[in-house]
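Before any questions on binding or motion, here is one chain by itself as C-alpha cells, the form predicted alone.
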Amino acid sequence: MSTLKVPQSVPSVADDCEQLRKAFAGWGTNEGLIISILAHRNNAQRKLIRETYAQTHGEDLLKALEKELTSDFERLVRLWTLDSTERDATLAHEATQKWTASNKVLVEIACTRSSVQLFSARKAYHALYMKSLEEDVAQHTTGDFRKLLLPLVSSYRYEGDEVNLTLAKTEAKLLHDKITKKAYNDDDLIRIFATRSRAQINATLNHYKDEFGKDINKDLKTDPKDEFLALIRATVKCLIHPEKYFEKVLRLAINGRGTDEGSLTRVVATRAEVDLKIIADEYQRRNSVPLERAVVKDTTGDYEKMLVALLGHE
C-alpha cells in the first residue's frame, strides 16, 4: 500500500509548473512550496510536470532543483521527481560505479521490482548511460558476486501464481544439500534464485522449512561476516518478504550510529508509491515505534518535512 497523498482536486500541470518557478525565484527558495507540490503528485503527474516545465521554461526541472536545493533534501526531492524507471537506473548506475561487497542496492532493484519494471529500468539505463546495466555489473563486480548479480539483473521472471510442487520438493532438497556442503556459489543454487518465479521460490522455501526444520536464511547465517552469504540472504528476503527487507534497511539507517541518509532516502523515494504503508506497519511491529516518529526524531529541516510528507503525514 502506498503512503502517497494526492489531493482530490489537483491543480493543472501549468499551475504546478508556475508555482515551482515562483518557488525558485527571488533571493531565497520556497522549499515548503516545492514540498507541497512534488510530495503530493504521483509518478505520472510528476513526469508530466517535468515535461511541461522543460517546454515552458527551457530548463530541466531536475537541473533547477539541483541548483536551488542542497544536501539530503536535494537528493530526496531529485530522486522522487525522477520517473520510477529512471530512478532505478540511476540507483543501479551509482551502485555499479561505487560497488562494494556490502552494497545490496542491485539485489534490491533486481528482486523487489516486477519483471516489467526491471526490464524498463534496464531500457532506461541504455538511454541514460549509452550502455547496458548488465555490462556495468559484469565490469565492476567480481567472483561470486558477479556470478550472482549478473543473472539477477538480467532476469525476466514469470509473474503468475502457478506452482510445481514436485519441483519445489526437488529444489528444496537441492538447496539444502548445497547449503549443507557450504557450496553457496553453486550454479544450481544461483539458477533457482535468479530464474524461478516468486511463487515457485516461495513454495520451495516453504517445503525447505517443513522438511528440514529451519528457514533457509537461518541456514545461510553460518558466517555472519561473509558478505556473499549476506547478499544471498538479501536476495531471498527481497523476493519473498520485501517488507521485512526494507524494514531492516530503515531500522539500521535510523537506529545506527548516526543516520544513514542514503538508505533512508532511497527506501522512502522508491517505496512511497508501492508498499511503504506495509513497510511502516512492519517497522512499528518490529520496533514498537511508528516509522514517522522515528524519522522525525532522527532528521531535521526540509529533509524531515519531505520524508514525513511522503510517509503520508504533514
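Keep in mind the model is a prediction, meaning the values are calculated, not measured. Heads up: residue numbers just count along the shown sequence, starting at 1.
There is also a form predicted together with another copy of the chain; it is not shown, and the following applies to it.
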{"item": "Touches another copy of the chain in the model of the complex: His241 (any heavy atom, 4.5 Å)", "value": "no"}
{"item": "4.5 Å heavy atom contact, Leu220 to another copy of the chain in the model of the complex", "value": "no"}
{"item": "is_contact(Lys178, another copy of the chain) in the model of the complex, heavy atom dist at most 4.5 Å", "value": "no"}
{"item": "In the model of the complex, Ala183 touching another copy of the chain (heavy atom, 4.5 Å)", "value": "no"}
{"item": "Another copy of the chain in the model of the complex reached by all of Glu86, His93 and Ser114, non-hydrogen atom within 4.5 Å", "value": "no"}
{"item": "Which of 225-233, 118-126, 203-211, 104-112 sits within 4.5 Å of another copy of the chain in the model of the complex, heavy atom basis", "value": "118-126"}
{"item": "Answer option from Arg75, Lys237, Arg157, Lys169, heavy atom within 4.5 Å of another copy of the chain in the model of the complex", "value": "Arg157"}
{"item": "Listed residue (Leu82, Ala138, Ile216, Ala199) with a non-hydrogen atom within 4.5 angstroms of another copy of the chain in the model of the complex", "value": "Ala138"}
